[in-house]
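Form predicted alone, single chain, as structure tokens, below.
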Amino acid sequence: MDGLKAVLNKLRDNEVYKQWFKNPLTYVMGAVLLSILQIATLAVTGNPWGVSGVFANWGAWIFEALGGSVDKWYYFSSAGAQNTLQQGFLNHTGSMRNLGIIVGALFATLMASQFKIKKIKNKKQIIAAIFGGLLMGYGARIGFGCNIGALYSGISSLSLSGWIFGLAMFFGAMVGSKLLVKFFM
């Protein structure tokens, strides 16, 4: 046990560890890395980076695993959607990317010693989280993308809709922040 503590203490003093895992990246570095990863994603998969559409597939796979069928649902009625569902979870590049994002975020949080379980202050926080999550998920599906697909991928592919989404998201965040402070804090 003492050997492990010595290794961890030595790691905490390492400058490379501090630079890449402990200290946050600059906004410029984050933007450059996101841009490089967007280009790599487009080159490898042939599709721009998207996150929320994959969750619809996850829901369909879970529903089908429980005995349901989504074959008649409009969202999954196209040949492409049916092909994606037939190929399965492990053969879906978007699912692997989303899993990588989740595992990578956990890894980064653990490496930076920032993992915390926070106490829920009151029932209003639970209601706000559930309501906000449902609104975000619904908005992402009717808008054909979350902030990644609609904003980041939209702007990087020179789509006017990405800029409109960004403007609407800015004003929506302002209104949402005011409501959050007024009713839930």
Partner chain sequence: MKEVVIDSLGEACPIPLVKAQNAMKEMEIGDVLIVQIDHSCAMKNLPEWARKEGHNVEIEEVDDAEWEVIIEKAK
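Everything numeric in this text was worked out from a predicted model, so none of it was measured. Numbering follows the first chain given and starts at 1.
Here the subject shifts to the form predicted together with its partner chain, a form of this protein not shown in this document.
- None of 36-44, 118-126, 66-74, 138-146 except one has non-hydrogen atoms within 4.5 angstroms of its partner chain in the predicted complex; the exception is 118-126.
- With respect to its partner chain in the predicted complex, the three residues 102, 106 and 178 uniformly fall beyond 4.5 angstroms at the level of their nearest heavy atom.
- A heavy atom within 4.5 Å of its partner chain in the predicted complex is found for exactly one of 113, 78, 86, 91: 113.
- Residue contact with its partner chain in the predicted complex: residue 185 places a heavy atom within 4.5 Å of it.
- None of the heavy atoms of residue 16 is located within 4.5 Å of its partner chain in the predicted complex.
- In the predicted complex, its partner chain stays beyond 4.5 Å of every heavy atom belonging to residue 174.
- Taking non-hydrogen atoms only, residue 131 never approaches its partner chain to within 4.5 angstroms in the predicted complex.
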